[in-house]
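This document opens with one chain alone, in structure tokens, the form predicted on its own.
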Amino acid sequence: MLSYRPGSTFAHRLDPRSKLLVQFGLAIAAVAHPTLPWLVGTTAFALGTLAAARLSPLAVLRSYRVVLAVLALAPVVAGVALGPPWFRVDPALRSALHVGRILPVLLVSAAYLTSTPVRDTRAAVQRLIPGKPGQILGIGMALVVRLFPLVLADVREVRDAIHARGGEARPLRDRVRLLAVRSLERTLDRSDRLSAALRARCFAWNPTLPPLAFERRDYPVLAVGIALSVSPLVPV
């Protein structure tokens, strides 16, 4: 599972605000330009961000294997026809091109998650969005980043427990129901424990956040993020 890993890579040394801007700009560029050259370019750029964080592309793809498997179904479904020729290539290729735009966004997100502490993300959000909305959004992002890997681990544990008890012999519907119910129970229980822990530790809406400051290496990254963000306005 992708989560923060301490390090001294180029991506680790960047200000989180510049990294957020690059993510935002890449997502805009990928969605605004559904063409093969732009897909190749954004994917190459995303691979560069993985190199900056010293991440293996294969390891990142394995972490996203469930998401990628779901996305891979879209071209197949788009190409299926109810009559001869039963499968149409052109709609499948168009769907694959549109689905492919999500891949570079996922890769850049992986580089960000592994190179940015959760507290820095919250500090960046609250500085970019002032007031109570920024506090709520920052807290929400921090909780999601911390809890999502734990929720996925709970789901895997429930799945393994079902298999260990001979669940593979059950009908698929029963296995899905058991997995959903038990996973939801664990998630709700974890939410209750989190709520109690926040109260016990005197949770503060506006704690002292780590200081953030742009350095010289951040300015080229900011320029790239801005260029990607305004790329839809540039005639091709």
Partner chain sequence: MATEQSVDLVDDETVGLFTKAVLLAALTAALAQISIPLPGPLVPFSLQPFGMFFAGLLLGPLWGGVALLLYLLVGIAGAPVFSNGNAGIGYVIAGQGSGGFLVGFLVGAVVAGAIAHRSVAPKPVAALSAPVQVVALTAAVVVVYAIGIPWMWFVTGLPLTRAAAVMAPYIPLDLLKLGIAVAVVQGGYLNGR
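Definition used throughout: the rigid core is the maximal C-alpha set that superposes within 1.5 Å between two forms. Bear in mind the structure is a predicted one, so any value in this text is a computation, not a measurement. Numbering follows the first chain given and starts at 1.
Heads up, the form predicted together with its partner chain isn't pictured, but that's what we're talking about next.
Of the residues given (V31, L61, L36, A51), V31 alone sits with a heavy atom within 4.5 Å of its partner chain in the predicted bound form.
Although the partner is absent here, R156 lies within 4.5 Å of its partner chain in the predicted bound form, judged by heavy atoms. Shown alone here, A27 lies within 4.5 Å of its partner chain in the predicted bound form, counting heavy atoms only. In the predicted bound form, A44 stays away from its partner chain, with no heavy atom inside 4.5 Å.
Interface residue remark: V89 is not counted as part of the site for its partner chain in the predicted bound form, having no heavy atom within 4.5 Å. Using a 4.5 Å cut-off on any heavy atom, the residues of 184-198 that reach its partner chain in the predicted bound form are, in sequence order, L184, E185, T187, L188, D189, R190, S191, D192, L194, S195, L198. For S63, a C-alpha deviation below 2 angstroms is recorded between the shown form and the other one after rigid-core alignment.
After superposing the rigid core, the Cα of L178 is displaced by 2 Å or more between the shown form and the other one. Relative to the superposed core, H163 undergoes a Cα shift of 2 Å or more between the shown form and the other one.
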